[in-house]
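Next comes just one chain, in structure tokens: the form predicted alone.
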């Protein structure tokens, strides 16, 4: 049951009665003046020129031809707007439809597709930090959105496990004596344990190596060689690499689980290795690759092109940089680059899954890289023309000073420390409500607060990480919505009457169902924009509408049993829709708060 489509169809039929055929231009929108009407359209102003009439006259004709029992009240406003109010009976019917619908009234896609989501992107052997938070938060929500709307999804974490960080880490471990036994002649390297190599050691060794490479050219050169040895499966480097990878991935999985983030596949750059040589050869055979300073490159710039620089705000004027440089697909020493593995990964994914679209969720700063990868893939026929390749770039999570979020000492904040900070703050909030010792509840609230705080912003924009603001139990926050659900749980648990049929009898009840209608419409907005902020704001609006209803009406003490049953059914409707919205955002609902 799509209310907006019903209105559009009614007006389209009216338009055809006096010869207007341009009904494809008929768009019905939610009103920005809710005190006047629920929906609005400017269709009369669009087609008036074709008819040679004034907009107000066309609008009046459209309204006059509408049947009086349509379920909606139509009126005209200058200079030619058509205002639409949904009748109480129609809203009640919509509420009943949503209550019974397995999809909560969310409009399903007309042609379901298979979408592969690439997000997470943690680097093996490197500790997760605050910069790794947004990709799993945004990616998981977008994936769940597509599931909610009827698409098939495939999710891959795509670990960074084959780049320079592996060569740097293994070299530093070697120099510090952690892996000497692997280099002894005749060593049974497959069965040798990584003695004394723990996650804490890896968290010390990689940063040490990363700093050294910037000041020690010989060290950097050796690390490049080690990286190449891993990529070429040379022993003992290959075995050491696999042992480090297994140790690191186990911890990465735990961290992603804390954020309610699930992947179908824990593939990485290394899984593209079998297709690297074939991928490079495809460019060579088609005459798309050329040599440049010992490296192999592919020209991807287009004639007359300048590359747009991402805006930091909508008001900022568009600026451009130089034409896109060539994509390097083979290093001077024969090593592989990120572009090579990403292109080879597309080749493998198309053979294994054949998705209609591949969506990458990473930092905004990687937009140029993915544009190169996408162009290369199209040029070589690795990605068919019918396949959509999408990069969703997100902004930076900043501190209250507006700068990238760091520790007080200026260091990078660890991923786990951020989660622990949120859980601890949530525990303090709960203790003030008399709930003590429920660690899992605190995690659900803390993580939900952070995810809602992130997703309620337009994805491309930076945002401020503010624990106190995120964890507020009122305002546009995750805990406020969780609290609304907990409040409804309490009402339903105490109710003595059975839930009945929704009947709209006052403005508060109207506003609840209209908020449900807007919430369900927001799924499509998020789908089109690859940003979840509309769903967050609409969920808050529904929770706010319920709060007003709750404060103005005595649900449990209502004397009229039919009315009480109707209100309880409305409570259930709100709970169902809010739980669905939170689940789509990757946020847990709670029973109590």
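Since this is a predicted model, take the numbers as computed values, not measurements. Numbering follows the first chain given and starts at 1.
Beyond the structure shown, there is the form predicted together with a small molecule, which is absent from this document and is the topic of what follows.
Chemist: Report whether the minimum heavy atom distance between residue 121 and the small molecule in the predicted complex is within 4.5 Å.
Modeler: Within the cut-off, so yes.
Chemist: I'd like to know if residue 237 sits close to the small molecule in the predicted complex, meaning any non-hydrogen atom pair within 4.5 angstroms.
Modeler: Residue 237 lies outside the contact set for the small molecule.
Chemist: Answer for residue 444 alone: is it within 4.5 Å of the small molecule in the predicted complex, judged on heavy atom distances?
Modeler: No, residue 444 stays farther than 4.5 Å from the small molecule in the predicted complex.
Chemist: Though only this chain appears here, would residue 160 touch the small molecule in the predicted complex if you measure heavy atom gaps against 4.5 Å?
Modeler: Yes - in the predicted complex, heavy atoms of residue 160 and the small molecule come within 4.5 Å of each other.
Chemist: Find the only residue in 178, 338, 415, 219 having a heavy atom within 4.5 Å of the small molecule in the predicted complex.
Modeler: Among 178, 338, 415, 219, a heavy atom within 4.5 Å of the small molecule in the predicted complex occurs only for 338.
Chemist: Using heavy atoms only and a 4.5 Å cut-off, determine which of 366, 333, 428, 103 is in contact with the small molecule in the predicted complex.
Modeler: Comparing distances to the small molecule in the predicted complex, the residue within 4.5 Å is 366.
Chemist: Out of the stretches listed (152 to 160, 191 to 199, 379 to 387, 167 to 175), which one is close to the small molecule in the predicted complex, meaning heavy atoms within 4.5 Å?
Modeler: Correct option: 152 to 160.
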